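A single chain, nothing else alongside it, follows as structure tokens in the form predicted on its own.
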Amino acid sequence: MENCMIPTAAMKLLPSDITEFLETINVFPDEIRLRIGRPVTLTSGSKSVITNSRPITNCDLETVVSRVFRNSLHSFSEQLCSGYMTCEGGLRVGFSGTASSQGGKVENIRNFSSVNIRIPREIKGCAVPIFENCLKTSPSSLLMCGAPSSGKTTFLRDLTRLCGSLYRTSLIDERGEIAASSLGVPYNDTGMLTDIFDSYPRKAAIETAVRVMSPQIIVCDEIGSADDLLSLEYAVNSGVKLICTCHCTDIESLYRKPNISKLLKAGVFEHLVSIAEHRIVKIVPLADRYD
């Protein structure tokens, strides 16, 4: 039987017997979760499948973490303290454990207790309805909302490809999940006209993109902070359109998020898109909503 469509890059992070076990399971997971003392859990959309693997040990987690950080945790101290690392193929590996902190800032993590390997999916064509509805004739600003693991980033990845085939597009890829670049070369198709700001701090990337790349569209994943508000307003005031995502269960609740609400009330976005269970729920033109 073929393996469960888990990328080779993800399998290489796991202990060999766990890899062999997963090769026997016919599942198409979005996440592989390893928790100490418990079997492997596979997540697909909002559903979790508890497998009948052996319980995960402390040694298993140390093996995965060591491979994620290329046997050199001290070389990636910033990523370690942030709680995640982006690996080959755009894999995002998150982990939890016992933190050492000072002044509210994490300085180290030890005694790892959980690891979550998040698998990016490049599904070409999934965002065509959004592109046709909102962006086919001219650049336009839109905000996609959805719960965690709803598929927002998958749609954003394809929308970047579509926009980058027609418009000058700057992709702000802070965590390396969208383009999955390695040595400057994107693993995923982001479009011929897309410039990729890989692992930049968002504020610096947006300001640099506006100054030196003259983008028609800037793409950002998971906005919502006060710094985002200032940076995105700067881009809009420079004549750039925005395509962004935000964690939110539905469109109505966007207005209860203070910083997002300010952007909406300022007329920054022309369309709202709701995503759930890896499908487009609705596309709302804001002009129609408030006329």
Partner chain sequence: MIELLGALFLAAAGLYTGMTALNDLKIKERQLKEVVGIVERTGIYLSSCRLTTAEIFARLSHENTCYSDLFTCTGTEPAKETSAQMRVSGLAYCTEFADYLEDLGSTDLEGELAKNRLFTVEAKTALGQAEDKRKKYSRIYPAAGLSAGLTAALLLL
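This one's a predicted model, so the numbers in the text were calculated from it and none came from an experiment. Positions refer to the first chain, counted from 1.
Same protein, other form: the form predicted together with the partner chain, not shown, and the subject of what follows.
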Establish, in the predicted complex, whether 234, 237 and 241 all lie within 4.5 Å of the partner chain, using non-hydrogen atoms for the distance.
-> no
Heavy atom within 4.5 Å of the partner chain in the predicted complex, from candidates 98, 137, 72, 101, belongs to 72
Quick one: from 116, 111, 108, 214, grab the residue that has a heavy atom within 4.5 Å of the partner chain in the predicted complex.
-> 108
Within 4.5 Å of the partner chain in the predicted complex by heavy atoms, the stretch out of 64 to 72, 241 to 249, 37 to 45, 226 to 234 is 64 to 72
Heavy atoms within 4.5 Å of the partner chain in the predicted complex: does residue 76 have any?
-> yes
